[in-house]
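So this first bit is one chain, no partners, the form predicted on its own, shown in structure tokens.
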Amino acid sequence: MQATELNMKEITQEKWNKRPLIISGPCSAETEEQVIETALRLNKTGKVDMLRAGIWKPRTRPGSFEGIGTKGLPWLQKARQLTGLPVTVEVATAKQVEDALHFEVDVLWIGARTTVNPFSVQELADALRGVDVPVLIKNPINPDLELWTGAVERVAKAGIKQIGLIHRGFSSYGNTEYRNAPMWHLAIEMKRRNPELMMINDPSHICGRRDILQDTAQTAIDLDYDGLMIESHIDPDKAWSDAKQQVTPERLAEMLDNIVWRKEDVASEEYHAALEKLRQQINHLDDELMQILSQRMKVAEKIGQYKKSNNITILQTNRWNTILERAFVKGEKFGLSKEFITKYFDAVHMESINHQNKIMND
């Protein structure tokens, strides 16, 4: 191994361990000039740890720009030489892994369209076997934590020691605010299951537009994410792909300066004592909620017995609509969002149905 390669290994490792880790660069590598200028301007901000660029772009429909291909890899190599920034690209096939490693790409990532397909992930895992390179894995397009977990397991079984997660949002029917609905609860659950893995947020693909990037990035930091991947372009409006979600390097620096960077803990006895007292209150309230829910289910079972005796269906749509409307009105008075009320009562309703179904079929 040449000294320069060893040096980049050390730099990449140092950046990988940094918190927060900031990754930025264009959605797509378009020309050598564009890649180099973007890298130089990002490096000048002093805010970015790794440079990203799409070399191969999996698109939803044919005819869109699908990436410059392998000829763009030397551009990233040159950008790395000029800035000292490690470079990272998305790979979707074994050949792309081979080409990326040939041009000394420092970090690879597996995209959402690949994570959704176990056969594709396994092909990448086989290509990575015996290779010492960090790998980031984006969540699958559809909201399925098992697919995301399976991708992590396949890559880990290939011997990859350094694995990170990228939350880029999920496709969701009826979603209008975001390009990909964040579904924060799924990312939080994935982080809970894998506390040892770095979790990066990709607000660019969640938002699909630049005006809400900062708010989304702030939410991720508030939720203790380990870093951000944000797309940056020297002339965003003229980008060959995903123009609406990219920002200039200078605007990126402004955004990062305006983010309030939270910490997970603080060495303060007063803080911990106050927090523990409040958490005990929450524990007691949770216990009371469980008892009340249990009582509610017993009442639902009695209703189920009357329905069974009179051959009445379990589901009563009009009654359910009445419950929801009443809950919305009361919930608003108590400061509870309509979204929460809907999810909460849906869960309670399904549990009630399950209890009544047991009565019906006993």
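It should be emphasised that the depicted structure is a prediction, and the values quoted were computed from it without experimental measurement. So that there is no doubt, residue numbering starts at 1 and follows the sequence shown.
Note that the form predicted together with a small molecule isn't included here; everything after this is about it.
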item	value
All of C27, G111 and R168 with a heavy atom within 4.5 Å of the small molecule in the predicted complex	yes
Contact test in the predicted complex: K47 vs the small molecule, heavy atoms, 4.5 Å	no
Distance check, R41 to the small molecule in the predicted complex, heavy atom within 4.5 Å	no
The small molecule contact at P58 in the predicted complex, heavy atom, 4.5 Å	yes
4.5 angstroms heavy atom contact with the small molecule in the predicted complex for E90	yes
Heavy atom contact within 4.5 Å of the small molecule in the predicted complex, the stretch among 317-325, 63-71, 29-37, 50-58	50-58
